[in-house]
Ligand SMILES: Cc1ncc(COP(=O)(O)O)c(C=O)c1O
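Presented below, as C-alpha cells, is a lone chain in the form predicted on its own.
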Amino acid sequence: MRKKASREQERRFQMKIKNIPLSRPSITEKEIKQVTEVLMSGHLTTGLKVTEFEENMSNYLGKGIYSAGLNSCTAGLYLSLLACGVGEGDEVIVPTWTFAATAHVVYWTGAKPVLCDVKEDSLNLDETLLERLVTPKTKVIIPVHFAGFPCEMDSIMTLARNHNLYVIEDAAHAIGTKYKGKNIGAIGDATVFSFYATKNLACGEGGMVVSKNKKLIQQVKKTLYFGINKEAYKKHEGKGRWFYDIESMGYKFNLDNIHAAIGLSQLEKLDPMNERRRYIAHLYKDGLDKRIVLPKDSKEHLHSYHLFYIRVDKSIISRDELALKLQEKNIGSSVHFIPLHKHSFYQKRFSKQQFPVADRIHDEVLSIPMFPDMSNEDVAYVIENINGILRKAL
C-alpha cells in the first residue's frame, strides 16, 4: 500500500510545478470596469479620463505639482529636454547603467549624452563624479532611480544649481519612491514616470511628466500633440469648437482615455502594491543565501522595489548559468541593464571612456521575480531554488 505523503512532501511537490514570471501587472475587476466604461462611451482617445489621471497624479505627489500625460516615458523625457531648451551642441549627463531610452532621447534633440559611472551599492548615478563631467556645454543631468531606490538628490540638485543646470529625473522605476520624505516627482525640475506593462503602476503603455514648474508642463502639453492649442477656440468668438491653432512644432505623444482609465485604478492602489513589494523584498533578504549581494535599502528613503536584483559571486556560479537553471524551474529572471557603453552603437562613441564599476559588476546582476500578486509561497519557491542551485554549485 502506498505511503501517504507528508504535508511537507505535498508542499514541495506543489512548489515544483509553479510557474513564476519576472513580473505581472496587478489587474482586477476595477481596471476592467474602468476600461469598459471608456469603450462604451465611444471616446477612446485623449479626453476627460486623461485629465482626471493627471489631476489625481498631481494630488498624489503633493501640493504645487503639475502633470502631463503622454504615451510613454520616452516621450516624456524627450519633451522635457526640449522644454529645458536642449538642442544642437548641448551635453546631457546620463548614467551608463540605464535603458537606451534615457540616452537616445538626448541624441534626438541634437545634443550629446555624456555617460557617468554608477555606485556599486545602488547602481545609481555616482554623484561624486558629476563635477568632472560638467563642461560649458552641459545643460541637463538625468539621474535614473534604478530599481526604485532614489539617487542622492540633495547633492545632484546642489551641483546643478551651482552650474545653472536642469535636472530631469528618469523615474521609470520610481513611482511611489521617497527621498528623505519627499516624493520622487517633487524634487527635480521635471520628473518622468513610466506606466509600461511591467511597472509598479501598469497601464500597458503610457507615461507622465510632472513638475513644480507650471510653464514647463504647459510647454510639454503644447508639444505632445502637434503643437496644437486646443483652447484656441475660446479666443475666437463666432467660431465653433472645431477651431484649433498650431502654435509650434509638435509630436504625436498624447495619452489616451483607455490607458488613463487603467492608470486611475492603478493609482488608487499604488501604495498598498508598493508596500507588498517591500514585504516581498524583506522575505527575499531574510531567506536568500548570505553569499548573495542584495539591493541597497535605507531607513532614510522609501524604496518602491520596481526590481529586486541580486549579485552572484562568479567564483560560485555565473549569472548566466543561474538564469538558465532558474528557467528550468519555471522562474523568470532578466538582466537590468547591459550598460550603454557595452552596446555597439555607444561603443563607437565612448570607446575612450572608463566605467570601472559598471564594467566590474555588469555580468553579476540578475533580476528575480517581483510583483505584488506574488504569494509568500511563490517567494519561498524562488528562494529555495536559488539557494539550492548555489549549494549544488559548490
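Counting begins at 1, following the sequence as shown. This one's a predicted model, so the numbers in the text were calculated from it and none came from an experiment.
The next section is about a form of this same protein that is not shown, the form predicted in complex with this ligand.
Candidate site formed by 72, 99 and 199: every one of these residues places a non-hydrogen atom within 4.5 angstroms of this ligand in the predicted bound form. In summary, among the residues 168, 79, 172, 118, the only one with a non-hydrogen atom within 4.5 Å of this ligand in the predicted bound form is 172. Distance criterion of 4.5 Å from any heavy atom to this ligand in the predicted bound form singles out 194 from the list 191, 304, 257, 194.
A residue is said to contact a partner when one of its heavy atoms sits within 4.5 Å of a partner heavy atom; residue 337 meets this definition for this ligand in the predicted bound form. In the predicted bound form, at least one heavy atom of residue 206 sits within 4.5 Å of this ligand.
For residue 144, a non-hydrogen atom is located within 4.5 Å of this ligand in the predicted bound form, even though that partner is not displayed. Of the candidate stretches 148 to 156, 99 to 107, 308 to 316, 294 to 302, only 99 to 107 contains residues with a heavy atom within 4.5 Å of this ligand in the predicted bound form.
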